[in-house]
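Take a look at this single chain in structure tokens; it is the form predicted alone.
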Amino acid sequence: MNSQDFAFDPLNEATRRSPFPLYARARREFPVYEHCGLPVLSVFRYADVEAILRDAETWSSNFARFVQPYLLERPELAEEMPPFFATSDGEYHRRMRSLISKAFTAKMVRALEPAMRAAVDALLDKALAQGEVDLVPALTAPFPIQVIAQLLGVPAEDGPQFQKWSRELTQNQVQGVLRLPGPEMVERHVEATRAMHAYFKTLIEERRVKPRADLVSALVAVHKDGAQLSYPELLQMLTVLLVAGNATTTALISNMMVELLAHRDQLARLRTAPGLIPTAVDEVLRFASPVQAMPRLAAKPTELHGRQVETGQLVLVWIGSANRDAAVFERPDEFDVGRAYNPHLAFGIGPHSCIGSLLATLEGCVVLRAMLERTRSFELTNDEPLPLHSSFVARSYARLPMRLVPA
């Protein structure tokens, strides 16, 4: 289904800055959209997005080559650098997810809250002393890195190196869905992955001798006792946890600041009713989803709204659109920090739902509470358009120049 007077180009900067009117029209008129010149279909309605994410038998997540481009260009590396568990299917995915679930528990996440508060306070001490800062390097990027470092049990002072590796692995992430990666990008991914593996090998050997109450020790125990996790799989598991545990949370916190400043009545409401902080974080996840789209591959012939879909067809499910669907959400384009019914799909749903959703939500709550308690006001220092994140599937910003006024 297509139309001469409707075009949805996910790579276009204007579209990326304001996709919501296009999402709305697509939901009404083009629930399955065939992109001109791109090998992909897009799906926009909540019901379709949810159904596809739930149905792993029909819609495969075996798209590791898009986020690990070396698997496409250099398949001989697959043994050294296996697919990430989130971009796999079937028994491999079930086994890997089961193992990480045993180690990465809700109890472990909740126990991190005091350390989270201390980390936010330390970062805000510096930011407030400066007055005017770019909040990305001052807070939204280093904070999730420090939290995941605490969770894994790695030194906080290694945070800048983790950020560098993470940038290398997430730069233009998933762009391979639409465009083949160049050899330079592939080589950067390989180098960063090998550097992270070397780092974790040292850490693993330390934990074999002296285990601690951290995630690395828990995964080492799973590897040793169950013989179900190969050494390369263990290294990749730690790699993806470090990357996934910070990039999207940085986006969540950045988006939270931007949306609160764009909706000052809601910011004022939170200052008088901080009990709304959890629902406010959920509303940011719905209204400005850090991940706007997820890819899926048709595992068998199927049909979408009367359109035949062949095996291997790539489909983008637009979470950012689904989360604004009036069929599910009242006043979908209104930002409401007290929204009671909010079944957003920001963390996905079904067998591939985000395993770190509790961690990310808690981080958002801790940062928001600290910003409300420790500032009298905060605002952007100018009205210039904020530079966007490099990936078209992400909704976030590379810089946040802000002025902070202490409480």
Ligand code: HEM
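Bear in mind the structure is a predicted one, so any value in this text is a computation, not a measurement. Each residue number is its position in the shown sequence, starting from 1.
Omitted here: the form predicted together with protoporphyrin IX containing FE. The next part is about that form.
Checking 75-83, 182-190, 205-213, 286-294 against protoporphyrin IX containing FE in the predicted bound form, the stretch whose residues place heavy atoms within 4.5 Å of it is 286-294. In the predicted bound form, residue 343 stays away from protoporphyrin IX containing FE, with no heavy atom inside 4.5 Å. Within 4.5 Å of any heavy atom of protoporphyrin IX containing FE in the predicted bound form lies no heavy atom of residue 51. Protoporphyrin IX containing FE is not drawn, but in the predicted bound form it has no heavy atom within 4.5 Å of residue 338. Protoporphyrin IX containing FE in the predicted bound form comes within 4.5 Å of a heavy atom belonging to residue 356.
The single contact residue among 163, 302, 248, 146, judged by any heavy atom lying within 4.5 Å of protoporphyrin IX containing FE in the predicted bound form, is 248. Scanning 93, 197, 263, 269 against protoporphyrin IX containing FE in the predicted bound form with a 4.5 Å heavy atom cut-off leaves one residue, 93.
Although protoporphyrin IX containing FE is not shown here, in the predicted bound form the stretch 318-348 places heavy atoms of 319, 346, 347, 348 within 4.5 Å of it, in sequence order.
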